[in-house]
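A lone chain, given as structure tokens: the form predicted alone.
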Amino acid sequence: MSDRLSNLSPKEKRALLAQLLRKKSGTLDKLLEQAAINVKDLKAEAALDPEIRPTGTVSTQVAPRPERVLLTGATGFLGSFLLSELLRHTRAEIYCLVRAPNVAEGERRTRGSLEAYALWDEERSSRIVPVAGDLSEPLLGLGAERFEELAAEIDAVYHNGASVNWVYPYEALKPTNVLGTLEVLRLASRHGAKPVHFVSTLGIFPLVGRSDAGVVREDDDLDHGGSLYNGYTQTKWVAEKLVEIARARGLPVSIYRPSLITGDSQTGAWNEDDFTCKMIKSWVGLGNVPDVDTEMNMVPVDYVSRAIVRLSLQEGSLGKRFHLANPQPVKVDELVSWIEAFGYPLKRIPFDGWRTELLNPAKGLREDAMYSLAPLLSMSAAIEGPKMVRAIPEFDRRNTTAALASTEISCPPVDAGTFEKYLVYLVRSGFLASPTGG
């Protein structure tokens, strides 16, 4: 079965998943129960090669003026904003690892991503150095000679690259998210220790299916004994464990854990492949939403990128974990009200009824819409869906708040005004139809 799946195109995989989702929920529920993995069963995956340890002098101080920085995931949504911030707030050359057959194609992809979010800056562009490689390949797909050259050239690493997919299982995402992190740590340990700024996620903690909300603290142990429900969060948990092992061996690292990243709070620019965007599109397309009593912790991408870069350049940040969460979470009912105020009529219906509507072929939703919403469809049994997402924890932000107290950086609320910018952007880009038809 796994061999057959690996030979399918992305479109064929989406269609196959949609067919599975339309089957009786009992079959799907059994599959989902098997997909939940307790972190105790993932510990064996977090095995860092003994040879990956710092060589030479190890400093716990941030280089005040990094000259050459490696950034992974530069063509992604957050990666584009990180690249822009690094160009604006350092004088470093930014080596961008891009999955591309050659440097010219890597340059084209990097520029295209920046332009897509109105971030391209011609004056600073000469400091972008595309590196054609692949995070999922040994030695980052660079070959031994180029890998050693790059390790000798750079003096800091921002490891943001990851395959973000809420449907694929652990094994499908492991090459990029786990083995890619291992290779980044290998590179950072060569020719002296390079500081590693690792972008993780708050999803490494159990956020659904909790008996109570509780508090997730920045310095909580990763061995929390909870279960993670999808391959993405499972691989990110293992990747962070690898980073922690490298830190115990002396590699200077900082960890940044964003919550649910949304669009730019100023321009409204948002990644249309984002889960939340596709969820909104399905609501608008169906004309109804699940009536669930829960909250969403959303952080604008411009805040996340600014905070990461500022924290990474601050003395005393190495060795710390930072939660990039919004102190003002949004209730789903508020979110629905903002969408309605924009002009889209929505009807609140019970979760199981909404799930049935989404799976109804007569509704004419595209297969990829259901594919992208599989996390919501795959909540144990349909009737348990609301219970699974109700108890969302509070996120402690003490390290982050203290470190940013002397700066102008603070997390803006995602409110009605911000969300109107998002919807305007999504309409102008053609992702959503205009509620007025204009």
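If you're wondering where the values come from, they're calculated on a predicted model, not measured in any experiment. The first residue of the sequence shown is number 1, and the count goes up from there.
Beyond the structure shown, there is the form predicted together with a small molecule, which is absent from this document and is the topic of what follows.
Within this chain, His191 is remote from the site of the small molecule in the predicted complex, having no heavy atom within 4.5 Å. In the predicted complex, the small molecule lies farther than 4.5 Å from every heavy atom of Pro329. Using a 4.5 Å cutoff between non-hydrogen atoms, Gly73 counts as a contact of the small molecule in the predicted complex.
In the predicted complex, no heavy atom of Asp291 sits within 4.5 Å of the small molecule. Here the marked residues Pro195, Ser254 and Ser305 all miss the small molecule in the predicted complex; none has a heavy atom within 4.5 angstroms. Checking Glu357, Asp134, Glu93, Glu240 against the small molecule in the predicted complex, a heavy atom within 4.5 Å turns up for just one residue: Asp134. In summary, among the residues Ser227, Ser163, Gln314, Ser265, the only one with a non-hydrogen atom within 4.5 Å of the small molecule in the predicted complex is Ser163. The partner is not drawn, yet in the predicted complex one stretch among 349-357, 122-130, 196-204, 277-285 has residues with heavy atoms inside 4.5 Å of the small molecule: 196-204.
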